[in-house]
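Before any questions on how it binds or moves, here is one chain, the form predicted alone, in structure tokens.
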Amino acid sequence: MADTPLIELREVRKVFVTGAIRYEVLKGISLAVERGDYIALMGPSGSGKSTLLNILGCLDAPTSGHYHLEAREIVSLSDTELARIRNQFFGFVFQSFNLMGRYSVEENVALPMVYRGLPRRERLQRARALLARVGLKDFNRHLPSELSGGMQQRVAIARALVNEPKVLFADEPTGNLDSKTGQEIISLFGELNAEGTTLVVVTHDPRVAEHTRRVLTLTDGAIVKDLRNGMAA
């Protein structure tokens, strides 16, 4: 199992159909994500980066092709089974934070554990520990609206980590942040990867890409470049 890719895509295609218009967003993507990878997905707008991220994270299904998670084909799984995989295997961080404004910071972080049936006390204890991990131990009871953008992104990262995911997916995580705060998020991602978390990040930010282990460049729905530590793969 150790030699098997954590995630493997084979000839994955994604087609969107609107009326008479058929648009192929991903054109036969084959990709292996290894345990401990730290991947930046780059390319111009419309190249398919976010669509690929959504398929890797089981937020969307490919039109055709194969998806193996730890050697298990998951394309044909039910929505309930895919939801379980998302909850137990993956964490997600988005540019817009997606925090629930009526809940406190610690309640936002604890929310994914509700679906695992953990007692409230245990949920909040773990949420507080993760908030401390991302530098927000004094803000547990605050509402998201009381925090800066960078602090809200840290809350989103803590929430994404709460179920100890094998893979953390992030879509433009520094896009709404100033350069100093963005660098802090980049440093935090580096620490998480060093601790063993696999990361896949969609970004336009070269500062993010230069800290990753691998850069995939997409153009028109295809991977046109795959660099590891500056060397073509």
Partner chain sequence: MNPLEHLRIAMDALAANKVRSFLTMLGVIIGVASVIMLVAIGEGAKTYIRQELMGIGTNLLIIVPGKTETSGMGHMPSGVQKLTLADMRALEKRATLVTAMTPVVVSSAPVKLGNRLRNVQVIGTDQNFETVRNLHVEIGSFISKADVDASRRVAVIGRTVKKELFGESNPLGRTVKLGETKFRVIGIMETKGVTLGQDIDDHVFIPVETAQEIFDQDGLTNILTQVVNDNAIDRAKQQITQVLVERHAGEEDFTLVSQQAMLSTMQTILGTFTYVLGGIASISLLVGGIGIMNIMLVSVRERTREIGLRKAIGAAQRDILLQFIIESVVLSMVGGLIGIVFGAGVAYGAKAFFPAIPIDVSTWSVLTAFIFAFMVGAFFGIYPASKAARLNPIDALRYE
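Everything numeric in this text was worked out from a predicted model, so none of it was measured. Numbering follows the first chain given and starts at 1.
Keep in mind that the form predicted in complex with the partner chain is missing from the display, and what follows is about it.
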>> Just to confirm, with a 4.5 Å cut-off on non-hydrogen atoms, which of 143, 111, 161, 74 contacts the partner chain in the model of the complex?
In response: 111
> Taking heavy atoms and a 4.5 Å cut-off, does residue 92 contact the partner chain in the model of the complex?
Replying inline: yes
> Is residue 98 a contact residue for the partner chain in the model of the complex, using a 4.5 Å heavy atom cut-off?
Replying inline: yes
> Using 4.5 Å between non-hydrogen atoms, is residue 59 touching the partner chain in the model of the complex?
Replying inline: yes
> Does the partner chain get within 4.5 angstroms of any non-hydrogen atom of residue 123 in the model of the complex?
Replying inline: yes
